[in-house]
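Form predicted alone, single chain, as structure tokens, below.
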Amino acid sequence: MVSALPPAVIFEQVSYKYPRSEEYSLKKVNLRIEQGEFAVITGPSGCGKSTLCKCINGLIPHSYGGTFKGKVIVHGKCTLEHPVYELAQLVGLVFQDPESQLFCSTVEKEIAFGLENLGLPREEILARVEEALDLLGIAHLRYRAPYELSGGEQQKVAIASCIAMRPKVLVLDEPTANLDPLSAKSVLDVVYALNKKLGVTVILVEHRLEMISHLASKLVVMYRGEVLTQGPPRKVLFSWKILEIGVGLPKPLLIALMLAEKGFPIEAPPLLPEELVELVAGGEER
């Protein structure tokens, strides 16, 4: 359920150009993510998705420089007015390559690292590490070295390290990009569970829409640095235009689009195979 509280993240006319770049990676982006929402951001390669993620925790512009216009507001704080270390307590960012975030000798130490930097009491650190291990279902990995783990396990450790910091917003930049389908589904299921159990606002960049679109409360499609469209996944994706710009549609939705062209009535575009079966069966009965 989406909260009635003030928005978690607001983009107001945000444009951004990297140093020594002639083109803007983001162009007048307006976006609003509510507290408790599960928002999925998609679009073709190079459309600005990763750049948008780095704006949410202040890495852009504080750590990257370049030309930044507009405002990003996270839980009432303008990212231009607050340093990255302060915003990191509000926003957890998980990259698509977990190895770039993992450097401690054991999983347990990895999760504790950020908490130690906050100067929390030892008892609090131990409690939060235990909680994160349990939430992600990786307690059995606590004494393992991160480099020994599979890609899916490493990604869960990276997420656990963020969750232990108790962020209000969890941003994941293509967390399944280097994972096989089974590991990808496992990671996405964990993220969805965190959203529902803890009420953490999730902003997830993902191209495997077949695996995630039915879980999202909002879908944002980006194209050439702009937000092309946004809204409920069924409404946003039920369009040939989305396919034409290079976004892969869930197969049930693609079949539904073909049926609609033939005059088949589509009241609720299907995102899952079983929904397509039900739609076709209902249509035949009519």
Partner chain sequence: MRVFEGLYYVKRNTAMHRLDPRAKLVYVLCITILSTAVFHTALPMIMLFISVIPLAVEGRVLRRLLSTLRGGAMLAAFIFIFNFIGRLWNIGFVSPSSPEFLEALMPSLAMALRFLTLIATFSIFFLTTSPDDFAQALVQMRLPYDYALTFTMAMRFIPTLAREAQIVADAQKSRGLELEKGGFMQRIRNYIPILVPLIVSSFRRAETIADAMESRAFGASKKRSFLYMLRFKLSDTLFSAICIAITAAIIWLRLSSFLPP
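These figures come from a predicted structure and were not determined experimentally. Numbering follows the first chain given and starts at 1.
Note that the form predicted in complex with its partner chain isn't included here; everything after this is about it.
Handout entry: Residue contact check: N30 to its partner chain in the predicted bound form, 4.5 Å heavy atom
Key = No, N30 stays farther than 4.5 Å from its partner chain in the predicted bound form.
Problem - its partner chain contact in the predicted bound form: I73, any heavy atom under 4.5 Å - result: Because no heavy atom of I73 falls inside 4.5 Å of its partner chain in the predicted bound form, the answer is no.
Problem - Proximity of K54 to its partner chain in the predicted bound form, heavy atoms at 4.5 Å - result: Contact with its partner chain, yes.
Exercise for the section: Report yes if any heavy atom of S186 sits within 4.5 Å of a heavy atom of its partner chain in the predicted bound form; otherwise report no. Expected result: No, no contact at 4.5 Å.
Handout entry: Contact residue in the predicted bound form, from L198, L135, L215, L120 (heavy atom within 4.5 Å of its partner chain)
Key = Checked against the cut-off, the match is L120.
Exercise for the section: From the candidate stretches 59-67, 22-30, 219-227, 232-240, select the single one in contact with its partner chain in the predicted bound form, where contact means a heavy atom within 4.5 Å. Expected result: Only one stretch qualifies here: 59-67.
Handout entry: Site test, P7, V14 and E37 vs its partner chain in the predicted bound form, non-hydrogen atom cutoff 4.5 Å
Key = No residue of the spot touches its partner chain in the predicted bound form.
Exercise for the section: Taking its partner chain as it sits in the predicted bound form, which residues of 107-123 have a non-hydrogen atom within 4.5 Å of it? Please list them. Expected result: Residues within 4.5 Å: E108, K109, E110, A112, F113, G114, L115, E116, N117, L118, G119, L120, R122.
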